[in-house]
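Encoded as structure tokens, the following chain is the form predicted on its own, with no partner shown.
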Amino acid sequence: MRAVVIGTGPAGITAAETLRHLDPSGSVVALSVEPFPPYSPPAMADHFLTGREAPLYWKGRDVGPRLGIDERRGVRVGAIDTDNCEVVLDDAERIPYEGLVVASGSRLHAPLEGADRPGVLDFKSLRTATELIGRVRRGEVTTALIVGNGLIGIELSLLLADLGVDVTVIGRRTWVMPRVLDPVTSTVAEAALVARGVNLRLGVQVDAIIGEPSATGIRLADGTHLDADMVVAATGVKPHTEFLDGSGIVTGWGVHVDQGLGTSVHGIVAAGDVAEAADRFTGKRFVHAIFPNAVAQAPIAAANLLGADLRYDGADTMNSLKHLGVPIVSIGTIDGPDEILRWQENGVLRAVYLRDDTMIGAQLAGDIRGAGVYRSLMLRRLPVGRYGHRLVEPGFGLADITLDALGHRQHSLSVV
């Protein structure tokens, strides 16, 4: 098969690698708008702190020539001509395909006045991150404002603080990482952030990024102006789907995919941050823009493109904060529980979210042992009401579930 892969992020390069492995006689063209070898976005912060390249270029700088992938960097896709099975580049070059993988990832989403002003940076790509850190290391930045208190904004704030920058995170919600943590678990993260030197200004609305000729600060809804050497937008991400207009590929927030990660057009699959796939826990369609989902989807999408009939069981909603200094894991969803159980003591917190006698979410901070057990209970949709508050107490784990199962089995045998 002549395959084309749009994007060389974690999903794209994994799909390209899988195609070469499963179809050695075929060809793979991998397209990237960036000038770098395929890299791992979660490793960027560590790379800029330590200089280590191996985790960043996780497949090796030579992955393209080593695997026989025709890797083309610095090119932008303008459209997909599905009638003629061609990828159309911005310079009008057309690349024919027999199978196509859309793994175009996501970009900064900043619906904010002045977000397109010169000097506004982000930490979404290695190109913009390199520019950002370069300004810091050249001594141009001693103060920074980060607009957005989500996961990317928080991780960047820690990096900048470690590099000696006086950094302030500004968020509309009153707690950090509201899409990942609930307000109670967030207090553990907030305490760790403050201890690391990060300033938090939460529960305020940013009206605009201001400055002439380039960004020098922000204006809050109450009229307050905050100034800094650098303004960073970390307000969220949006899948790259603009080039799919007119292609017949159905999109919502991302590309709609079926259980085999196929799109609405035969011979085209999607994976990674651009794929709007079913959630493993809730079944609802959603874009799950995290590394583990990308590398899990890509081999299935690639194999199915070659004629396999593999099923993707759904994306995980699971986040692990690695750079905070305090381990925190969030699994599943915190939306719409019937009951919430918590245990908190000496900086350790455990919380589970229950609906219809099953777990729909869990959060652990300070001590994340048991996360795997909670995830298993959620995936298997096992009834957990019989455990009561013991479910969140220290030490609850596989032994409790095993003993409980043995007890039920013995009771059943005695009844018979």
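Numbers follow the displayed sequence, beginning with 1. For clarity, every value in this text was computed on a predicted model and none was experimentally measured.
The form predicted in complex with a small molecule exists for this protein as well; it is not shown, and the discussion that follows is about that form.
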task: State yes or no: in the predicted bound form, is some non-hydrogen atom of residue 176 no more than 4.5 angstroms from a non-hydrogen atom of the small molecule?
output: no
query: Looking in the predicted bound form, any heavy atom of residue 190 within 4.5 Å of the small molecule?
result: no
query: Is there a heavy atom of residue 333 no more than 4.5 Å from a heavy atom of the small molecule in the predicted bound form?
result: no
query: So in the predicted bound form, does residue 234 come within 4.5 Å of the small molecule, heavy atom to heavy atom?
result: no
- line: As a check of understanding, the residue in 364, 31, 360, 56 with any heavy atom within 4.5 Å of the small molecule in the predicted bound form should be identified as 31
field: Options 101 to 109, 303 to 311, 199 to 207, 245 to 253; stretch whose heavy atom lies within 4.5 Å of the small molecule in the predicted bound form
entry: 101 to 109
